[in-house]
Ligand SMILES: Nc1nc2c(c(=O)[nH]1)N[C@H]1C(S)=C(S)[C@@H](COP(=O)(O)OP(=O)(O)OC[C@H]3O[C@@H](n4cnc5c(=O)[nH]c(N)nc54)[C@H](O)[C@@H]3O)O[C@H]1N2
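Here we start with a single chain on its own, the form predicted alone, put down as C-alpha cells.
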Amino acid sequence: MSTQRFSSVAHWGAFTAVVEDGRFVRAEPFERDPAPSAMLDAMPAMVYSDKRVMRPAVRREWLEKRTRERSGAHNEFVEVDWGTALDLAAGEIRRVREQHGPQGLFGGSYGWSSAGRVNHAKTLVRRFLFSGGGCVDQIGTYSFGAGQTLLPHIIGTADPIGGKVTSWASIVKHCKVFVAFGGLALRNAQITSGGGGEHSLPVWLQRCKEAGIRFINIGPNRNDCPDWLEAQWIPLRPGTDTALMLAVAHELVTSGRHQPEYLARYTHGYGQLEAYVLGASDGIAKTPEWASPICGVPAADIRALADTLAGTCSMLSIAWSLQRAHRGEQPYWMCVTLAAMLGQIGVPGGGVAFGHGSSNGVGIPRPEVGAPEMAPGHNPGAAHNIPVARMADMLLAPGEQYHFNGKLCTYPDVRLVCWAGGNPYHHHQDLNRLNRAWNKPETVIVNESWWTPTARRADIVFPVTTTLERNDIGASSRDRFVFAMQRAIAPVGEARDDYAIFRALAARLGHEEAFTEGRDQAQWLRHVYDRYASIAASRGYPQPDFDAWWAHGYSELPEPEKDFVLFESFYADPQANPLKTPSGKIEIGSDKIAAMGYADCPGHPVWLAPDEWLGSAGAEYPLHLMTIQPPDKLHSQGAFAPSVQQYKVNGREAVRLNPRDAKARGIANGDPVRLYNRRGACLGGALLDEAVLEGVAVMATGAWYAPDADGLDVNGNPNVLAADRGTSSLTQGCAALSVLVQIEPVAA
C-alpha cells in the first residue's frame, strides 16, 4: 500500500490529508491546533459522496424549451461535454450583456466554498464578470451586514466586526467582568473564513477563568456559554437586548456612576441619548421597571448588572447574531454607547467587541499583516449593487425603489444569475419566497461540487473540484498561519477548478487576458504568496520563499510583542488620533443618520419592538425560533455526512425546547415535530432542555432544503420559516432571528 500525506486547510481547520493508493482516507488535524474540529472527520464522505456533480449538466426543460420553472425537485438534467456546457453559458452571458448591460447579470456567491485564496469562488466569479464589463454585485454579508453598515457611522470603521478587537491577551491581564450578549458558543469557534491553524477560543476562555474574570451570559440559551466557564446566565427574551442596555444606562445615570468626563471628551451626541433614557424626550423613562416586562429580566437583576459594571474594567462583547434581527442596529449601537458610558472604550482589557463566540479568530493576537488574497478588480456595474440579503427582493421587483444607507436605490432587472460558491437555499430567508424569485431570471448558471438545492435549481451546472483536488493557498486575517493547500487526489469525475472554468468562459467572451493578467493558476499561487511575503517582510516578519514554504506546508507569523487594544491611540489623544466619523469621536448621536429621516433607525439608539417577538400583541404564533450555526458542519456543507447523524434526534434536526413548552403541546423528548407559520413548515426532532428559555425554540441551520408536494421541508431547514425583511432602511441586513412559530407533534 502506498501512503502519501499532503498539507491543506478547510474553513474548519488545517489538516494533513492522508492518501492511500490514490484515495483520500482521513484528515489528521494540524499538530499545532489545541482544539481541532471534529468536522475534519466528515471530509472523506464529502469528497466521495454520491451527491457529487460528476459532469457538466443542463436542465432538460431549459435546454429544450428555455423554461424558467426551476424551483421544484422534479428537474431533470442532461449531462453534456465541457465544450457544450461552456458554449451554452458563454452564449447566454454574451446575449444578456449585449441586450441589458451589466445590470442584467448578477454575480452570486457567499465565499465559504473553499478556504483557498486563488480558487476562492466569490473572488473569481466577481473577477470574471468584472473583467467582462461588470455585473450586479452584493454588498455586505448575511453574517453581520447590519453591523457592517452601521459601525462606520458610529466608530468610523467596520474592521472590529471582522475580528480586529482588543486581544484576548489584554483581556486576560486587565478585564474583571466579561459580558457576553449572545454568549460565547464554542460551536461557532470551530470555523474561520479562510481556514485556521489554531482553534483558540477554549484556550483563551480557560486563561480568563484562571485569571478570575467573571463571565455573564445574556440571552435566551444558557448553552451559548460552555458549562465549565461557570458564567452567570441572565435569561433574556430574544431581540430585547437594547431595552436591557437602556435600563442599565438609566441606572448608571440616575446613580451618578456613568462617566461624564469621558463622554464629553470621546463621544458626540450623548445628550440626546441621556434625554431619551431619562424620558425627557419622549416621556418614558427607561427604568429597570420599564425594561423588565419587555425583556423578561427582573428589575432587581438589571440593577445588579449595573452595579457589577460600574467602576469596573469590563468588556462588553456582542455576538453577530444580535444584529441579525429586525431592528438589529439598535443593540450594536447601544452596546457601544454603554461601553462609552462606563468609560471603557480604549482601555486595556475593556471596552466593546463584536463577534466573540461568533467565529474563530476574533481577538486573537496577530501582527498587522493582511492575509494573502487575489483581488476581484474594479466593477463597472457597481452602481447596481444590492445589499446581500435583498436578493429575492431584487429578482421579484426589478425597478422598485428601496432605501439603503442614506440613498434611494432601484433594484436592477437581472436576467442571468452566475453563482459560484455558497448555497442561497441555506443562507437566505423565506425559502418559499426565494423559490418564486429564483424562477424570474432567464438563466441560472452554477459552479458546484455537490447537487445542493441550489444546483438542483440551476439551468447549467459546472462540476467543481474540492479542496483536496487542487493546489491553493489557505489563510485568514484572523490567524497567524498561511498554509500550502497541496493537491492530494485526482479530480472526482470531470470536475475542474473554478479558475479553469472562468478562464475558459473568459476566453470565449474575449476577455481572457483581463481575467488572467497573463498568469495560469500555478503562477497566481506564486504571485499571491510572494506579494504576501513581501508585505510581511517589510513589516519585520520575514517569510520563507515560495518553494520552501510549499515543501514545509505552512509558514507563520509571530505573536505580537504588544497587546492590541481597540482605539487605544484614540483614547490616549482623541485630537491627534480622531476616529473616521464626522465628529472624529464615538457617535452616540449621529447627525448624519438623523438627517436620513428613517423612522426605523433614528439618530441615536432607541428601543424599537421587532415585527415578530414574544411581546407581539395577539401573536398568532407563540414561540420564538432561534436559529444557530450547527455544531456538526459549516452552514450546509457536509449535511449528508455520516458523522452529523449523532446530532440528530431520531433522524431529525434537533429542536431544543423548554420542557414546560413541550408539555403544553403534548411533546415528549425525541418526538418528531412540525414547526410552522404562515411562511412555511419543516420537520424536526424534539430535544427537551431546561437551558432554553420558556417561549423559545432553538434549531440549527444547514439542512438541505427538500420540500414535499405540500411544501413541507422534510429535512428541517428553518429558513423556510424566517421572514425575508431588512433589519432597517439604513442597513437592509439579514433579519433571520426575528421569527415566531408554532410547534406540534407529528406521526413518526
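Keep in mind that this is a model prediction, so the values were computed, not measured. When you see a residue number, it is the position in the sequence shown, counting from 1.
Beyond what is shown, the protein has a form predicted together with this ligand; the following relates to that form.
Only one listed stretch (342-350, 579-587, 594-602, 622-630) carries heavy atoms within 4.5 Å of this ligand in the model of the complex, and that stretch is 622-630. Annotated contacts: His426, Val464 and Asp498 all touch this ligand in the model of the complex [non-hydrogen atom within 4.5 angstroms]. The single contact residue among Ser476, Thr166, Gln330, Gln190, judged by any heavy atom lying within 4.5 Å of this ligand in the model of the complex, is Gln190. Contact annotation: of the candidates Phe128, Phe106, Phe483, Phe181, the single residue with a non-hydrogen atom within 4.5 angstroms of this ligand in the model of the complex is Phe181.
Residue contact check for Ala42: none of its heavy atoms lie within 4.5 Å of this ligand in the model of the complex. Proximity of Gly421 to this ligand in the model of the complex: non-hydrogen atoms within 4.5 Å are present.
For the chain shown alone, Asp224 is a contact residue for this ligand in the model of the complex, at least one non-hydrogen atom being within 4.5 angstroms.
Mapping the unseen interface onto this chain, His635 counts among the residues with a heavy atom inside 4.5 Å of this ligand in the model of the complex.
Residues of 220-242 placing a heavy atom within 4.5 Å of this ligand in the model of the complex, in sequence order: Pro220, Asn221, Asp224, Leu236, Pro238, Gly239, Asp241.
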